[in-house]
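Here you get one chain, nothing else, as structure tokens; it is the form predicted on its own.
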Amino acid sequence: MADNFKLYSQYYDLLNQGKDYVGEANYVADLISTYSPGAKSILELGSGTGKHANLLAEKGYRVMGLERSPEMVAIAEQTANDRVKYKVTDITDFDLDQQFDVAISLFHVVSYLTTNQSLIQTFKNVDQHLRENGLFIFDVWHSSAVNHQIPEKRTRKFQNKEIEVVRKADPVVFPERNVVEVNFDITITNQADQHQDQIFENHPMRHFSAPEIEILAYATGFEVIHSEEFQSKAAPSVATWGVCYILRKKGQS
């Protein structure tokens, strides 16, 4: 995930202004209350600008957000309350010297971990930072849907009073690696003087099948206790791009 979000972070909230953060936070809170009703603390991997963290804190959880982009953390800290803290760090390599009831990773952050080594390191880190029987909730791209639908080129436009953003996405599929590299061409236009800046980014995204997640969970101290389409709760299918997995930390043998 190198420097993908360094400039992107400046326009992150605008690009995601239509995202249902409230609905997603409610969905995650419902999963937590279902599978770990006594949970009080959350570790969020890839916390971005803090939208989910703030909403979950409003529900009474204490949240620690991990984010590798200092620009995003700076934005998040502008609205953080006393139940939310952030740390600039890489989710593949962190040590907080504390444990949590639940770990979450939303908006396909785990799909950015395209190598087996980075996945195993991250999952082991999460395991070490969870209390006994703790939950790990995350969503990823679903292999069945990616292989069935094939990613296509797309253009989206966003604007507010200050800027207009046009984002062109050109995906390149690497079927033997279960990876789709999404190449972004982003043009930002200042509404006042029409000055334009351009950003080019490459976002490699890995997609997963259920057996892959089961093996990864087994190898890193977890068991898969449920999976479903993110938010809709439908059974995963070839029409399901985002699958949510709920893992539980296994007890010591």
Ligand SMILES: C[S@@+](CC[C@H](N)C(=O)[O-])C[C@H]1O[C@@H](n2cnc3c(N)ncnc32)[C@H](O)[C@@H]1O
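As the structure is a prediction and not an experimental result, all values here were calculated from the model. For every residue, the number given is its place in the sequence shown, counted from 1.
The form predicted together with the named molecule is left out here; the points below concern that form.
Visitor: By the heavy atom within 4.5 Å rule, which residue out of Val109, Val179, Ile75, Val165 makes contact with the named molecule in the predicted complex?
Guide: Of the listed residues, the single hit is Val109.
Visitor: Let me know the one among Ser69, Ser41, Ser36, Thr220 whose heavy atoms come within 4.5 Å of the named molecule in the predicted complex, would you?
Guide: The residue from Ser69, Ser41, Ser36, Thr220 that makes the contact is Ser69.
Visitor: Of 27-35, 208-216, 48-56, 194-202, which is the one stretch near the named molecule in the predicted complex, taking non-hydrogen atoms within 4.5 angstroms as near?
Guide: Stretch 48-56 is the one.
Visitor: Applying a 4.5 Å heavy atom distance criterion, does Asp170 contact the named molecule in the predicted complex?
Guide: Outside the cut-off, so no.
Visitor: Just checking whether Asn147 would be counted as a contact of the named molecule in the predicted complex - the rule being heavy atoms within 4.5 angstroms.
Guide: Taking the distances in the predicted complex, the answer for Asn147 is no, it never comes within 4.5 Å of the named molecule.
Visitor: Look up in the predicted complex whether Ile91 has a non-hydrogen atom within 4.5 angstroms of the named molecule, and give yes or no.
Guide: Ile91 belongs to the contact set for the named molecule.
Visitor: Would you please decide whether Tyr11 lies within 4.5 angstroms of the named molecule in the predicted complex, comparing each non-hydrogen atom pair?
Guide: Because no heavy atom of Tyr11 falls inside 4.5 Å of the named molecule in the predicted complex, the answer is no.
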